[in-house]
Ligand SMILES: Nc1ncnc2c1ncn2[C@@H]1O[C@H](COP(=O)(O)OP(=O)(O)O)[C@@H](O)[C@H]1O
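What follows is a single chain, given as structure tokens, in the form predicted on its own.
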């Protein structure tokens, strides 16, 4: 039975789509059957997938894009889990009924957060929602800049709010944007770059949490 993970946060611009696409590539390249579901109205993950088809060809993406339908999603996901090892959901940047449905369908909710005061304040209500729905959540510090004092201060603020924080951090690097724009992930380029190692470390940490 496959595992459903959602990348979710009511704060827009947190990097949900970039992390979703890179995890999908990582696990697909590792031989797993991976599906992605784009529940965000902006459809950024769908656009990335179209670029991937253009780069690799229609039948060589290694990933399957599935449609999100809120009306029967909780039933639909039961069948999807029988066909894939991992289902990655890119959630809408809001707190709506769709957000609740996605949280309920997930084995674990991962919450990308940029370590800034504005992002932290906007994220805490979403963490409360996940807790209310009795699901486990883990914050992923994303687009981390080399400002250790600010990152440490924001980490302490999240912990004070009761958040669990992944050990793996994703730093701000141009290669993430460059590969995303052509439908690729950083591990498509190679596995030894700093960005690839960060994605691999994050993917391994997620696997430990969901199994």
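Positions refer to the first chain, counted from 1. What you see is a predicted model, and the numbers here were worked out from it, not measured in a lab.
The following text describes the form predicted in complex with this ligand, which does not appear among the structures shown.
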{"property": "Answer option from 30, 171, 69, 41, heavy atom within 4.5 Å of this ligand in the predicted complex", "result": "171"}
{"property": "Listed residue that, although this ligand is not shown, lies within 4.5 Å of it in the predicted complex (heavy atoms), from 26, 37, 34, 176", "result": "176"}
{"property": "is_contact(residue 12, this ligand) in the predicted complex, heavy atom dist at most 4.5 Å", "result": "yes"}
{"property": "Exercise: residue 184 in contact with this ligand in the predicted complex, heavy atom 4.5 Å", "result": "no"}
{"property": "Segment assignment from 137 to 145, 80 to 88, 118 to 126, 95 to 103: heavy atom within 4.5 Å of this ligand in the predicted complex", "result": "137 to 145"}
{"property": "Contacts with this ligand in the predicted complex - residues in 17 to 37 whose heavy atoms fall within 4.5 Å", "result": "17, 18"}
